[in-house]
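The chain below stands alone and is given in structure tokens; this is the form predicted alone.
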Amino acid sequence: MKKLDAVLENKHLIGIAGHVRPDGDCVGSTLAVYNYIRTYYPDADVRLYLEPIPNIFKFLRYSEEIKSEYTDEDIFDLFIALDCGDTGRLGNAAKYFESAKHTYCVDHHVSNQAFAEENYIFPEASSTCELVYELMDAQKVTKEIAECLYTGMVHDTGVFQYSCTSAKTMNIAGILMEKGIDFSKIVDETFYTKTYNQNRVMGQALLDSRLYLNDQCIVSVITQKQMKQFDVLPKHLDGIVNQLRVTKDVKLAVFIYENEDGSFKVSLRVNGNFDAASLAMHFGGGGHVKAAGCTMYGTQEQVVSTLLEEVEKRL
């Protein structure tokens, strides 16, 4: 696998994108690569496409240059997909990827089937940001790039507490800290701090949660009506599934919220050795063994019932 500098050589029009509903690792990895190109390849025309990102990540350098409209008609010399398991997860940016002259993918989802021309996929890695660091010239990692990478690693490791965290993860985090980043502020303000309405909707989700399958599975659902009641958007629901996961003796935590089109976004988190990725892939989604997701259709009751039937087979 070529390092990032080798891939960028002689490329003039470069596109970057991550998955729909971008989280910390997606935002961090895409902005890290964008910053790298803007800093060291000033003659390149580079464009970053993402759906609108959460406000907590807007402190990262060049976040204001993210394109959330997809009206460009150019054919890219190189298109880089980051933290994305397949072209479908690229959303509206998929058309740029599919028409590009050369494609490159960096990812750590176990469900990724190596859909680019060149792929750097390691499911055991803590985060895509960890992999991006490995592909960069370490001497070229600026403070601003380090902020992007550290942010992504913090979010995909749950502040370095999830089982995907390795000695390599901690070593890279330490190197990034030495770049002069305000690491404690990044953790507090992007991972732990919640708005009043976010805390209220989390409280509602916890109150409405139910235990199933001999108390091995906890499920909570937030509807569109409730989201309007608490004045929150899907991006404000981060953290709820992780709070469900820490329930004592629970093997699988399931958080479901209703999309505007009436479908339901399902997030899965695991304690123990249950395979969340396999379950998500069964319903057309994907992810990691201990953290995965999918979209399901039907009524709320049908979605919960269908999901639990499949979970019961696998527990």
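Sequential numbering from 1, following the sequence displayed. Bear in mind the structure is a predicted one, so any value in this text is a computation, not a measurement.
Omitted here: the form predicted in complex with a small molecule. The next part is about that form.
The three marked residues, R269, G285 and H288, each reach the small molecule in the model of the complex, with a heavy atom inside 4.5 Å. Shown alone here, V303 lies farther than 4.5 Å from the small molecule in the model of the complex, counting heavy atoms only. Put simply, R61 is far from the small molecule in the model of the complex: not one heavy atom of it is within 4.5 Å. Not displayed here, the small molecule is approached by C294 to within 4.5 Å at the level of heavy atoms in the model of the complex. Using a 4.5 angstroms threshold between heavy atoms, H19 counts as touching the small molecule in the model of the complex.
Contact with the small molecule, judged by heavy atoms within 4.5 Å in the model of the complex, is confined among 179 to 187, 226 to 234, 207 to 215, 85 to 93 to 85 to 93.
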